[in-house]
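Only one chain is included here, represented as structure tokens and corresponding to the form predicted alone.
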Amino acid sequence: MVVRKRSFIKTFFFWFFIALVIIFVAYPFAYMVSVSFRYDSDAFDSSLIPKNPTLSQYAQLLGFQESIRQEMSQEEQQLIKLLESLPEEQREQVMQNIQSQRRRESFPFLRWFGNSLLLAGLSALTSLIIGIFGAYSFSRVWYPGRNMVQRSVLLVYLVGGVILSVPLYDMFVRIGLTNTAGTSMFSLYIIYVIQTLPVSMYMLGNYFRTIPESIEEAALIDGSTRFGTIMRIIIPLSMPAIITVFIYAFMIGWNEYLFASIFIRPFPGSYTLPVGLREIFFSAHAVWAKMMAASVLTAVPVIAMFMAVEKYLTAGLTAGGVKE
């Protein structure tokens, strides 16, 4: 066996290229985090490390602190003058209501966060439940046209979302699901389920085929029903794939912008995070430090979820890739 000596030049350029790629990928995220810990006046400082680090941007986003613009505003003094004729208790109540409404409407990050969490979580869960039974039918149950149905499921990805957006919006308008904020969010929920269901069924179907059918046959011989077999055997043995599919479906709904910008634009209280952050660029709150802090908080749930189930995610993505 001949052992070749490694070339110093090749090794050097190899690691130089690796370092270059890491810097190219990681620098935007590092800069985003850095700006989020700065004051607005230092937002464009070229240094990656903040000279005067602060948590004020996060405190303002989460409602623990008022912004400088709000603190310097003369609106409160003007309101007090207008309400001088009211009794003291009634005046305090009106002021509390106005301030509470102002906090919610000025930069309602937590509301947008909740809307995104609700839509992405519910749609991912629904897609996962339907996908489990659909994928099981593709992988275990024979019926006429099964292969054609299985292949046609992925056809939805051959057509871009921009092309489908107009027909889908027209369809939901005709059935009255765009008239209010609630119905518009329900329309988005249906669209997210339709978007994520094909890939959920595809990934789960590939994983289910790796489970030996002899295990299910033994359960059926012992008296278990088909539904019982799915619940007691297929699902416990497929947890890596199930977790992977849920995270993938959740990320699609969490980051989706196109359909959200069409269906919920008339209802600011129902904005999701991608739409809300886009609107902030054209509002009085378009300050870079706060924008970066909002972006960091937007990325935290997905990063935390990924780190929590990383080992399952790796197993789920690779399972079914080798045919034995």
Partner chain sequence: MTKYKELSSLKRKEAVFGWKLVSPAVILIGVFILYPVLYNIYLSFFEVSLTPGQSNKFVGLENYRRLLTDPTFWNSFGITLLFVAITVAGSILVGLGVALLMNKEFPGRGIVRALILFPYVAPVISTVFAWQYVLMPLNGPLTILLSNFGIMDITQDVVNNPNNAFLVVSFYSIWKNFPFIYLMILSRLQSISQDYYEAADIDGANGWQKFRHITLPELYYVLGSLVLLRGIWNFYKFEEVYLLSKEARTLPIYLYQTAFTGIPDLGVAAAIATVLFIVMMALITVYVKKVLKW
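Numbering follows the first chain given and starts at 1. What you are looking at is a predicted structure, and each value in this text was computed from that prediction instead of being measured.
Just so you know, the form predicted in complex with its partner chain exists too; it's not on screen, but the next bit is about it.
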Could you tell me which stretch in 204-212, 238-246, 86-94, 149-157 has residues with non-hydrogen atoms within 4.5 Å of its partner chain in the predicted complex? 149-157
Are Phe12, Leu55 and Leu188 jointly within 4.5 Å of its partner chain in the predicted complex, each by at least one heavy atom? no
Might Val35 be said to contact its partner chain in the predicted complex, defining contact as any heavy atom within 4.5 Å? yes
Residue-level contact is defined here as any heavy atom of the residue lying within 4.5 Å of its partner chain in the predicted complex; does Asp170 satisfy this criterion? yes
Using a 4.5 angstroms cut-off on non-hydrogen atoms, would Ser137 count as touching its partner chain in the predicted complex? yes
Determine whether any heavy atom of Leu277 comes within 4.5 Å of a heavy atom of its partner chain in the predicted complex, and answer yes or no. yes
In the predicted complex, which residues of 29-51 put a heavy atom within 4.5 Å of its partner chain? Phe29, Tyr31, Met32, Val35, Arg38, Ala43, Phe44, Asp45, Ser46
